[in-house]
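Before any questions on binding or motion, here is one chain by itself as structure tokens, the form predicted on its own.
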């Protein structure tokens, strides 16, 4: 009975468990730090298991619908019956399931890392409350089937992330970064809420599938799409709305920064979801597709060129996060640009979408790993300035090896996972426009050069006298990093398996608007 209840209500529990953990964390923390640590670890472990369970149910049984307050957790309303779904609905297809896997995997790793790296800080009750709240909100963004509830989860993630960015204070610099992030998030939230109001005012519905079945590409619909694109592109750190990213990523604790990568990609998921699923066949493919492509190319080029001269290791990695977002926008943008041409879609359009989605998944792994290795170094020597580092490979061998794995992955070097997703993007984008593919390859070369500089500055050379007694990172930090590095290696060694069983279903779910509508509304 218990197992049946869990399986039947897994989508709701996936959000409810981290929410419960967040609100009870301050009370549990009053007992002792160790009890709070065990509580947080238990919550993230349970959330991870629920996430994997939900993903299994989706990949084996198709799109999963959960309706709050209904007699049964499924919904079936024929589209021609005039019925309108008014309850809160969770809708999980293969794309949502993939994003859930990504979130719980990174979430588990960074919580395990954080339990040691941040154990001596004060205010941990608020820290873990915000951290679990952030995870719950991101999972909500991936699973909701309602436009307004996506906005609610988006705002919760913004508030939680802003608090975590400002957590270290750092003489006001972290607070400034948190306020900058909150300002961009607030403006983006207003834009998204305005778009939601425009669509609701026209169609008297908030359910994504219901709106998609009625949307007519009116001038107001176009305005709503522009507002959505601007809001979510700003939230994911795309150029030219990227200016919050270097400050927020560099000032947040390392574990928070790794999770901020997932938060940014949740906004990217929303951008793709609404372009394909909400607007689908009604939008002008070439215009919107080239909009995403342009944002992608700008993000790649600006991100990597701004990263090269950086002296702060986390700030350098932050600019590379902007650059990597560009690959995702480029891949999915090419797929969207040819969505109306079935021949081109079959030829290379789906491959481009698969490459973009695969890169979202891979980027969360290797960027999370890189930020965690940077955090381990900063924890041991107390500075993020690469000019004051050197020779740390003598004392921190395992951290150095894990950094090398992440660096080779982000540069697209085989056999690591960054190569697998970038190759799909190169191949498909070259068929669409060779110049764009060449730009993407050049950016990868510059990325490799940048991380060679980081490796030499941090780990190579003679051991500096002031770091003679530096110790290796604590075991829990290494375990958290090892989980991500293991996944980086596995997905790189067996890309065909992941593409066939996880990525391709996610790409087809994104492009198949009619399948999404049929699953939610119960008819054609």
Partner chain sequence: MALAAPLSSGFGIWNPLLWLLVFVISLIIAYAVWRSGFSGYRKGTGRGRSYLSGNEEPAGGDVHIRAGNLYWGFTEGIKGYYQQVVPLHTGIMTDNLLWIFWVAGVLLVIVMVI
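None of the values given here were measured: they were computed from a predicted structure. Numbering follows the first chain given and starts at 1.
One more form of this protein should be noted, the form predicted in complex with the partner chain, which is absent from this view; the next part is about it.
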**Item:** 4.5 angstroms heavy atom contact with the partner chain in the model of the complex for residue 273
**Value:** no
**Request:** Answer with yes or no whether residue 457 is in contact with the partner chain in the model of the complex, where contact means some heavy atom within 4.5 Å.
**Result:** yes
**Prompt:** in the model of the complex, does residue 493 have a heavy atom within 4.5 Å of the partner chain?
**Reply:** yes
**Message:** I'd like to know whether residue 434 contacts the partner chain in the model of the complex, with contact meaning heavy atoms within 4.5 angstroms.
**Reply:** no
**Asked** Only one of 126-134, 197-205, 92-100, 236-244 gets a heavy atom within 4.5 Å of the partner chain in the model of the complex; which is it?
**Response** 236-244
**Message:** Going by heavy atom distances of 4.5 angstroms or less, which of 52, 46, 35, 464 would be at the interface with the partner chain in the model of the complex?
**Reply:** 464
**Fill in**
Heavy atom within 4.5 Å of the partner chain in the model of the complex, from candidates 379, 439, 215, 229, belongs to 229
**Message:** Each of 293, 314 and 486 having a non-hydrogen atom within 4.5 Å of the partner chain in the model of the complex: is that the case here?
**Reply:** no
**Request:** Heavy atoms within 4.5 Å of the partner chain in the model of the complex is the criterion; list the residues of 397-421 that meet it.
**Result:** 414, 415, 419, 420
